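What follows is one chain in structure tokens, specifically the form predicted on its own.
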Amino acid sequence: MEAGDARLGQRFGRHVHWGYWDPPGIDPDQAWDGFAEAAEALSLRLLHQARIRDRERVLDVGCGLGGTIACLNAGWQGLALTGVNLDSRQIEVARRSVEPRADNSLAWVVADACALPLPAASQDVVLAVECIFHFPARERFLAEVRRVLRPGGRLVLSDFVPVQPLAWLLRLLAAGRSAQVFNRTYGPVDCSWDCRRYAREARRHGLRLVGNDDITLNTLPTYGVVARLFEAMDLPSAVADTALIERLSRWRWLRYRILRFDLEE
């Protein structure tokens, strides 16, 4: 397991999420060699959608190893940055690896995304990079986002978003308490929220969906990299689970999207 973790860290770099390639049609060996850069590029794409400005207060929920916080720290000035994660081990890695620069401040918090230990109206931007499907309830998370955002604030997240027929099927499976599709490898996940549900639930919590960036094609080279890693780690069930997600993505049933929500005045 230690060898597997080292290989994952070497390949993914400081991020724990999919990669972004532009253009996406590249050789598998190029994807393998350049995956850390592609993972960095995905964070930067999301930050571009978030329209970060110097001197803002930015909360990264599900911050992992601190990769997105590191991007912010390197590219902006005077930011008050907070990383929140449920896993104290990942928070400790982030704390050791990111040093504040350019008048930025850093805070690391071990907490549940659905019960944020932060004051009301304390953040300009909330980020959730490829983690919301692990949260126990998106509705509670949206309510917390609404609480901690300042007027004019925004939420930007990335998620695997199904087309509506697949969303219905996944909700039926969940209602019947069936095993979740990718549970063996990726842990408990909920990929049943389609775009309409996101927009509807966001409105209920005072947020408006204003950006919907479908980058599925640009993320597809990720699957070959992840499958190759799992093969090297002798994890055939993980290879199979990853292949299923890839097929759903290539068939256009599951879309990788960056969604932006603005706080309604």
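The shown structure was predicted, so the numbers you read here are calculated from the model rather than taken from an experiment. Note that residue numbering follows the sequence shown and begins at 1.
Although not depicted, the form predicted in complex with a small molecule is the subject of the following passage.
In summary, among the residues Arg171, His134, Arg95, Arg147, the only one with a non-hydrogen atom within 4.5 Å of the small molecule in the predicted complex is His134. The listed set Ala113, Leu106, Val156, Val161 contains one residue whose heavy atoms approach the small molecule in the predicted complex to within 4.5 Å, identified as Ala113. Judged against the small molecule in the predicted complex with a 4.5 angstroms heavy atom cut-off, the residues His15, Gln90 and Val129 are in contact without exception. Of the candidate stretches 80 to 88, 191 to 199, 161 to 169, 117 to 125, only 80 to 88 contains residues with a heavy atom within 4.5 Å of the small molecule in the predicted complex. In the predicted complex, at least one heavy atom of Cys63 sits within 4.5 Å of the small molecule.
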